[in-house]
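Quick setup: one chain, the form predicted alone, written in structure tokens, and binding and motion questions come after.
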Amino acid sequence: MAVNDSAPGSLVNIAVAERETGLGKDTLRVWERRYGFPRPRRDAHGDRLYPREQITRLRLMKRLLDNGHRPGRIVPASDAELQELSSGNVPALPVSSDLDYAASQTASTPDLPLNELAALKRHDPTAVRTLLLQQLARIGLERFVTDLLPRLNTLIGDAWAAGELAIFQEHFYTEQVKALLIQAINNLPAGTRRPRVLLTTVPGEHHVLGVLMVEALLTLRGVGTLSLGAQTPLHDIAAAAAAHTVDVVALSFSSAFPARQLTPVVSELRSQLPAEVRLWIGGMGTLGFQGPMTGVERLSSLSSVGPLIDPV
């Protein structure tokens, strides 16, 4: 589809959007999935086309990023809030204090700085591994999973979305956390108590960090778990649930999972599972879940795991 990107009110493709806003293609896609903006249209081939008014807004966001504001603050903001930020009435958080700010948002670990981002930025993989190990040893597995990792994941995800980290740096961090969680889980006694929980992701969802975090919490509580890794076909999930007589199937959806596919996939799997098997779904990708749905429980946070297995 030919696009006249010079005429007012026209649509522009992603290459033009990247050139005119200074925001990389990966950043535009990540913001779209995570924050719901930008909201491109699609041409006959499914390629993204951005209205001119969104390009204007993106340019303003780029200026705010350059002035020290964080993506999680500016992308969801209203037009009025963006204008106020742009006017200078609301000061930006100094870039050098991002780590301290993130740590201050959780009172339970006010003295625990998140220095992994700085180590990633200076390309120091040994420091990243060492910091993660030290923090795990210091605060224990449960707080590491429920408190530190969510804040650290958000911090690093925002840095990637802002172009401060390359994708290989984000991947390295993720692989280190995965390896650490797998080792910690394997060092725990195998759980035997009910409910027995099967953990996996559906086809198209290759992020397993959320699954591992839930598995760690369940294993700490002595709950029996069965992990199938990532991207298990729905019929195989149902077959495994039957073969292993599980009580719960737990799925994790990241913000990268297509929102329009979420509810249909959950509905289809729910129809394949016995009525007595509960279905848990969690992760940033479930924010658009069109529930309620009988037999499906959405975990709004990791703190939801405890009450589900230890009801009052």
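A quick note: this is a predicted structure, and the numbers were derived from the prediction, not measured. Residue positions are given as counts along the sequence shown, with the first one as 1. By rigid core we mean the largest C-alpha set that fits within 1.5 Å across both forms.
Separately, the form predicted together with the DNA exists; it is not shown, and the next lines address it.
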Open item on the list: Can you tell me which of 158-166, 174-182, 70-78, 198-206 lies within 4.5 Å of the DNA in the model of the complex, counting heavy atoms only?
Closed with: 70-78
TODO: Report yes if all three of 133, 152 and 189 come within 4.5 Å of the DNA in the model of the complex by some heavy atom, otherwise no.
DONE: no
Open item on the list: Considering non-hydrogen atoms and a 4.5 Å limit, does the DNA approach residue 47 in the model of the complex?
Closed with: yes
- [ ] Could you confirm whether residue 26 comes within 4.5 Å of the DNA in the model of the complex, counting heavy atoms only?
- [x] yes
TODO: Answer yes if any heavy atom of residue 278 is within 4.5 Å of a heavy atom of the DNA in the model of the complex; otherwise answer no.
DONE: no
TODO: Flag residue 37 as yes or no: does it have a non-hydrogen atom within 4.5 angstroms of any non-hydrogen atom of the DNA in the model of the complex?
DONE: no
Task: Threshold 2 Å Cα movement between the shown form and the other one for residue 26, core superposed - done: yes
Task: Shift of residue 229 between the shown form and the other one at or above 2 Å (CA, core fit) - done: no
Open item on the list: I want to check residue 75: does it shift between the shown form and the other one by 2 Å or more at the Cα, with the core superposed?
Closed with: yes
TODO: Can you tell whether residue 255 sits closer to or farther from residue 19 in the model of the complex than it does here, judged by CA atoms, where the change is 3 Å or more?
DONE: closer
Task: Comparison of CA distance in the model of the complex with shown form for residue 62, residue 157, at least 3 Å - done: closer
